[in-house]
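Below you will find one chain, with nothing else, as structure tokens; this is the form predicted on its own, and questions on how it binds or moves follow later.
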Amino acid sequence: MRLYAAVARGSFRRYATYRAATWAGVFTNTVFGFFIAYTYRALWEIRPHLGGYDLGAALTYVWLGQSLMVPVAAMGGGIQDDLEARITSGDIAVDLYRPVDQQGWWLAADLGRAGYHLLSRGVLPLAVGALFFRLRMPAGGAAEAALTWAGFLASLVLAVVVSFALRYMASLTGFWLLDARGVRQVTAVLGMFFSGFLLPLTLLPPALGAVAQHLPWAGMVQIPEDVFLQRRTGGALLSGLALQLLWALVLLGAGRLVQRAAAAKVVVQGG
């Protein structure tokens, strides 16, 4: 565990090095937050309580979504860039010689990246949004608010793990396709649509929305958002966390099988 903690810390410091890129990203997320927030406000003024969200909840959904987009890597990226580059160049063969679990190594690196992006590109756009719009923070007594924050943080960690597991498997297809960019584009589109990043999944047609809320992508944005907005409390909160945990375990297990097959392919090819 000390090794993985060191990898996570190193990844955090690595991303903190690129300060200009961070500020550019914060600016971009904030500008898009304004665009989408005003679009939502126009829509919700015509259709109040659309999808079960009132205007305050909808605006909070927008800004929280902008804050989660990069930490959760809803559109791909993160360790995916490094892993795909190493597969393409053949440097991945050196990685496989390391006496460490590859999946654990890359997961630790992605958690470090997500931690840095949460503190920079997550907190700052949300703070700017709170200055210009009336956002909804966790309400209730101290115990209820603390439980909501604790549930949200747990859901956020699981969201990063689910996202990592999906991106990790997409990157490993490069062992067979030699270029995983096509798979990456497909997974990015699926992630944007089914995670609830563009619109809450309750706005989809009922049958499609019901299915989407049980797919792994829902655990990346929709469930953390609903926990924060206290739409998931009590049993609904536990069921949401359980769904995220289930998908995390299933996808990590599937990724380990794909990793094993990919490593065997490198050996067969003499890599």
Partner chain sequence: MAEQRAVPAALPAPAGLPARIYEALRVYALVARMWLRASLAYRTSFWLTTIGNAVTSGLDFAVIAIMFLHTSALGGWTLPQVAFLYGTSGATLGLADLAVGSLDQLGQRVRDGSVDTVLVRPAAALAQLGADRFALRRTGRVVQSLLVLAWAVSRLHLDWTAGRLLVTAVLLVCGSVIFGSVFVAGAAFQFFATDAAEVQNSVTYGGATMLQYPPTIYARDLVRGVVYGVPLAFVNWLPALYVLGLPDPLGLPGWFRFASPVAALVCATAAGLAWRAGLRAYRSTGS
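All values derive from a computational prediction rather than experimental measurement. Residue numbers count along the first chain shown, from 1.
What follows is about the form predicted together with the partner chain, which we do not show.
- Residues A24, R47 and L177 are all found to lie within 4.5 Å of the partner chain in the model of the complex, as judged by heavy atom distances.
- Of the residues M169, A93, L199, V128, just one reaches the partner chain in the model of the complex with a heavy atom at 4.5 Å or closer; this is L199.
- Among the residues L43, V211, L238, L246, the one placing a heavy atom within 4.5 Å of the partner chain in the model of the complex is L43.
- Only one of 76-84, 177-185, 105-113, 152-160 places residue heavy atoms within 4.5 angstroms of the partner chain in the model of the complex, namely 177-185.
- The partner chain is not drawn, but in the model of the complex it has no heavy atom within 4.5 Å of A242.
- Residue contact with the partner chain in the model of the complex: L204 places a heavy atom within 4.5 Å of it.
- Although the partner is absent here, V189 is a contact residue: one of its heavy atoms lies within 4.5 angstroms of the partner chain in the model of the complex.
- Within this chain, F132 is remote from the site of the partner chain in the model of the complex, having no heavy atom within 4.5 Å.
- Contacts between stretch 21-40 and the partner chain, counted in the model of the complex as any heavy atom lying within 4.5 Å, involve A21, A24, G25, F27, T28, V31, F32, F35, Y38, T39, Y40, listed in sequence order.
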